[in-house]
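In the form predicted on its own, a lone chain appears below as structure tokens.
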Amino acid sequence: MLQAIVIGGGATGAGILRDLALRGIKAALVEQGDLVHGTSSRYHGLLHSGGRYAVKDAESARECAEENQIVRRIAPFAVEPCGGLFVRLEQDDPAYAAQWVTACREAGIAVEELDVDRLRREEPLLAESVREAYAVPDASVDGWRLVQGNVAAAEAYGARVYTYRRVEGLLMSGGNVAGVRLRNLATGEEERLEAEMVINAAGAWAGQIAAMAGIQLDVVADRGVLLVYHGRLTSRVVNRLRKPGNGDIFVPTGSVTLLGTTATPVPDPDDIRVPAGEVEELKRLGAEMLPLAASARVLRAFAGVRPLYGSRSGGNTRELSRTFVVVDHKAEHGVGGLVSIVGGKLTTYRLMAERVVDVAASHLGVTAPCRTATEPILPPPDRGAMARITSLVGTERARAVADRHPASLPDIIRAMEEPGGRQIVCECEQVTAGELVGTARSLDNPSLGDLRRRTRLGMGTCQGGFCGYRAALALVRADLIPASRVPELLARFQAERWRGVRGGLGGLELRAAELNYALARSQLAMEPEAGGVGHD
């Protein structure tokens, strides 16, 4: 029997699984969709320096400052150390800026004041109204790579992962939790997993899981909308130096730039709608820092839901702490076998995992210490493998592929060496047919959305409008799917991409895009409502 089951396949759940495995605890993870389909991939991709929270939330600021350095060290394949800025505009309070500098230094955050005239030459799109600027150790982090790396490391130590399994109930024994009852979304069958401990890391859904054991767990689902701009508008993360608010951060990542975010409490954690008013608000506020944001091309808009710990059902959720809480339900509610973790951020995922596994391990009688802060998640790529892939696609693309697939690079290389394997499928993200096919071979019945999360397919300019077709063709040619599945796969993939495109456009741009989407659907007789398993 398993010793522990982790509910939730985001960054926290994956970090918990790795920590359990490193301590020698026999564990499995269950996730209702694909790994990283929820909150851990629906955010701005910032590895916090802690500066954002320095004045209002010193505990979160210190946690971020410390974990920022740890994540850079243990997961270099997921971090782009681009650096960050905090800029005060003419209309922003100079007294707050002085308070912020003091708070950052007290929290251990490295802050360096920059010469504004020199900064404008380095970041020419910044507004003329910038009056002060400070460098901080912000970075961008790829949530997909981080989770995949943690899961691969855990599996190497014997952990198991079950995706597309929805938790429908908790198994109870003598008033204590003894496992989970699942619905396999691929087969429709019910499955049961028993374990001594269940760790509830379901994020915004954590309250629903706790309720299955008759426990009220206060979780506020806080929806944030973000915009994705074509190209990199800045070379560094740019934060606005004022009290935290909407539209105050730009994060360059991959081939795009993200602008975020808003903060709206919602009653349903599945509510990821993108209100048009919030899109316009983001553009207006973002343009105060980068005027080009008002007219630059927006590729898409999307929303994610933060799982904040607290009981506030409305009002300003920015007043709630961004730190995390571990709830031992045996101590708090008299229900053994269940521990929950709520709140926090992706930047602090490893610390969150350590704290909750400490509690679980004590109940299991395991005394092995946590090693996740000192051991790299995965070893660096083999030199021979890097030489092989560099000879195939060149140095820059080889590095990108190695970062995307740190645990399965040899399989990807073999697929790229096959006939047609070096053919580019996605120009924006430079995804080859070999990378796509090699990734698909490691998955069970993959959707194009599953492949997008692992390769960045369809995340650039065309938003899948061209590369989606090529990807489906590559899968057919490799005998990974029958040709009869192509319309269904494309329908689901393009419907998801289209939701984001529609949310970010307006006026004539939206009408032109509507026409193109309608033509594509009619030519291939695609229906977005097509069934099948997969989170596209």
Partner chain sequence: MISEYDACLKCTICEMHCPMLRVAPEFPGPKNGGPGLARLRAAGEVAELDHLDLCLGCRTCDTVCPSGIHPADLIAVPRREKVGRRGLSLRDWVLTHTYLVGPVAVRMPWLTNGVLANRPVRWAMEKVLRIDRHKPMPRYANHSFREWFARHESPWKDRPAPNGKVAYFHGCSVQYMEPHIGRHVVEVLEHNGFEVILPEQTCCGLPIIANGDLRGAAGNGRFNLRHLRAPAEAGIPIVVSSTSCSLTLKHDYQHVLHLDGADVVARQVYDISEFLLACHEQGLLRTDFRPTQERLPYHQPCHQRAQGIGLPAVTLLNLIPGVKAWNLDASCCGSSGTYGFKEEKYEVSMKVGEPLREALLAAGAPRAVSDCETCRWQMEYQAGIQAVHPVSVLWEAYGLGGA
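For clarity, a rigid core is taken as the largest C-alpha set superposing within 1.5 Å between two forms. Numbering follows the first chain given and starts at 1. All values reported here derive from a predicted model rather than from experimental measurement.
Form predicted in complex with its partner chain: not shown, discussed below.
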Inset, instruction - With heavy atoms only and a cut-off of 4.5 Å, decide whether residue 427 touches its partner chain in the predicted bound form. - result: yes
Inset, instruction - Give a yes/no on whether residue 460 approaches its partner chain to within 4.5 Å in the predicted bound form, heavy atoms considered. - result: yes
Inset, instruction - Report yes if any heavy atom of residue 255 sits within 4.5 Å of a heavy atom of its partner chain in the predicted bound form; otherwise report no. - result: yes
Inset, instruction - Would you please decide whether residue 396 lies within 4.5 angstroms of its partner chain in the predicted bound form, comparing each non-hydrogen atom pair? - result: yes
Legend entry - Proximity to its partner chain in the predicted bound form, single hit among 233, 366, 119, 415 (heavy atom within 4.5 Å): 233
Legend entry - Residue among 213, 296, 152, 373 with a heavy atom within 4.5 Å of its partner chain in the predicted bound form: 296
Inset, instruction - Tell me the stretch among 247 to 255, 327 to 335, 95 to 103, 264 to 272 that has any heavy atom within 4.5 angstroms of its partner chain in the predicted bound form. - result: 247 to 255
Inset, instruction - At a 4.5 angstroms cut-off on non-hydrogen atoms, which residues of 122 to 136 are near its partner chain in the predicted bound form? List them in order. - result: 125
Inset, instruction - Please check if residue 22 moves between this form and the one not shown, taking a CA shift of 2 Å or more relative to the superposed core as movement. - result: no
Legend entry - CA of residue 510, rigid core aligned, shift of 2 Å or more between this form and the one not shown: yes
